[in-house]
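This document starts with one chain, in the form predicted alone, laid out as structure tokens.
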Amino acid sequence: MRVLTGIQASGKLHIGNYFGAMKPMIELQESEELFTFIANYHSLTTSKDAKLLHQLTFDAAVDYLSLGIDPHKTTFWVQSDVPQVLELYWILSKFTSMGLLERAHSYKDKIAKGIAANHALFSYPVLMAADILLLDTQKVPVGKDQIQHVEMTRDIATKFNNEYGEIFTLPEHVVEEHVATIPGIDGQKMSKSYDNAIDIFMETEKKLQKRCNKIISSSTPMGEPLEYEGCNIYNIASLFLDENKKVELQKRYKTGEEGYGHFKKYLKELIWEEFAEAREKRAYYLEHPDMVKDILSDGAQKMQKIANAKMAIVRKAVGLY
């Protein structure tokens, strides 16, 4: 089964990113034919700083490789290294009605939040469709807010196929229903926008501890049993624990022998240990940037072969000389 995922190069990764999207993606490598790209063309819809986008693209590659993307199992590349996607984007625009794009929830949400309207933002779903259809993708793991974009891709592909024959595979969206909303230090959904995230790659344990210490907890005094249900510390810690470890932690809450400070320290230890290997890999990749570039180049070459073969069929179908 051919599966495609895209990564936005948007800055430091937090544990909400990891458990909400990255961990399931990494696990897919073991069972599916996984293709993963860094969506830097898409990032241009909001990016204004060329140097920053360039750096964030490299950083995203380093972070994902460090956390478990295996270039021997996954084709991993930067979107702009396969410019055929832009040619397909233009061709697909002919089969995309204005009404379809005007109904896009994501576009309306961004405009409502004050992001300036422009053609790139408006036509974002067409470029996403090109990403998916160029590869004959069968499954697209997405959050619930992206389901509509996959449905739009199917609409566009169906119109094309109705005119030129069965050229594009109609993709299916896959939503990880069991992945709960990852809470931040204030109990809301973890997000950089809310300044409530815990970064994966904190510089030191001391800084990680300071971040964990900011987690909002109740005012139950030391010596009294604590409630783990609804506790932000417990909810984040449980992400790192199997069922037996969760039960052990629940018992510790009930004894009254430990306070929230103890559990914040325990959470810090869980996080630091979970990403120990990833920190070592990340340090290595940062010291060997050419290795990262070679991995991305190899992935782009694999994608170029696929893209060229697909575009030869598309060009012939639409009559491009």
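Don't overthink the numbering: it's just position in the shown sequence, from 1. Nothing here was measured: the structure is a model prediction, and the numbers come from that model.
One more form of this protein, predicted together with adenosine-5'-diphosphate, exists but is not displayed; see below.
- For adenosine-5'-diphosphate in the predicted bound form, the listed stretch (218-226, 192-200, 247-255, 167-175) containing residues with heavy atoms inside 4.5 Å is 192-200.
- Although the partner is absent here, residue 304 sits far enough away that none of its heavy atoms falls within 4.5 Å of adenosine-5'-diphosphate in the predicted bound form.
- For the chain shown alone, residue 181 is a contact residue for adenosine-5'-diphosphate in the predicted bound form, at least one non-hydrogen atom being within 4.5 angstroms.
- Mapping the unseen interface onto this chain, residue 16 counts among the residues with a heavy atom inside 4.5 Å of adenosine-5'-diphosphate in the predicted bound form.
- Using a 4.5 angstroms limit between non-hydrogen atoms, residue 21 touches adenosine-5'-diphosphate in the predicted bound form.
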